[in-house]
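Next up: a single chain in structure tokens, the form predicted alone.
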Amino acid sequence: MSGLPTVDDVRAARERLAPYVRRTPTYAHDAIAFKLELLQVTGSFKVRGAFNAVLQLPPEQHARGVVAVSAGNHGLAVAHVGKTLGIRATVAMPESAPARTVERMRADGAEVMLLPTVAEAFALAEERRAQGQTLIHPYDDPRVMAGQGTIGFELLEDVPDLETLVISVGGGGLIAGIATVVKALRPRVRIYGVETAGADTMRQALDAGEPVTLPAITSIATTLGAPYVSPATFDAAQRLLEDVFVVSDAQAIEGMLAAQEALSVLPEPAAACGYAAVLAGLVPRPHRGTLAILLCGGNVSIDDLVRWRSTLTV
């Protein structure tokens, strides 16, 4: 399934999701508005899209169950949706997935299948789809993008003078959904995407003029680790974004530490890279209005941070 959602699709998704997700807060620090989506159910924005997709499946597909491929956050979301709605959920993951993430999914009743590579995880998901389970794609699905796009309505309500918005980019579903809403309702807002080197799928696609496939994801920001962007999210980036910046893993770590000091929350590298880009001066500060940064996930441990800081330098 491909294509972008409409604003009406996102508005309907917001009503559909209301009983199941949190309306996360927006806090101000140093003239920046931070949308704390890392406080969302399951620790990231992914649950919005997963719920919106599954809630629209017909009853006979509920009975067959759903399957997802994930390095972490999308799998956590699909597992939670399955538990909440009483639907069988299968998550195919690379063996490198954190053990605590696997444990959380299994605690929610999901069947977790660990494979040597992401390619094999996708192959297993295709097998399950052929057997009748519904594949919930992490980003190449307008229902998923519409669910993520509900964040856009919340941002516009919380930041009436929003002028510049910074959002992390993985497969592009999050930024495509939010940009669809924000650009339709407030066209003057300038939207920037941020990736980390080694997971810079969208930046490389934009440079090539078409979606490309990365041979490997080498960044610590594994939740940005989509090997390719879809035609729909690529189109959204071309039409709706001002630019997509790339920061290093070390800069993402600095963004994590800065967010923890400023807001007493610890975003994962995939979420902190947006703040890192602002701190590095890559994102132009607005002359008027407010700069907002979406902290989209926080599934990270202190042990992870200590390990990364011991091996990375700015």
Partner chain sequence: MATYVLALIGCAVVFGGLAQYGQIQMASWDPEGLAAVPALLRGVSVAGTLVIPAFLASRRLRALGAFLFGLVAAVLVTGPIFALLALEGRLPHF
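Positions refer to the first chain, counted from 1. Quantities reported herein were computed from a predicted structural model and do not represent experimental measurements.
Heads up, the form predicted in complex with its partner chain isn't pictured, but that's what we're talking about next.
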| field | Contact segment among 208-216, 113-121, 181-189, 77-85, judged by heavy atoms lying within 4.5 Å of its partner chain in the predicted bound form | value | 181-189
| field | Residue among 155, 240, 71, 125 with a heavy atom within 4.5 Å of its partner chain in the predicted bound form | value | 240
| task | Evaluate residue 22 for contact with its partner chain in the predicted bound form, applying a 4.5 angstroms cut-off between non-hydrogen atoms, and reply yes or no. | result | no
| query | Would residue 7 show up as a contact with its partner chain in the predicted bound form if we use heavy atoms at 4.5 Å? | reply | yes
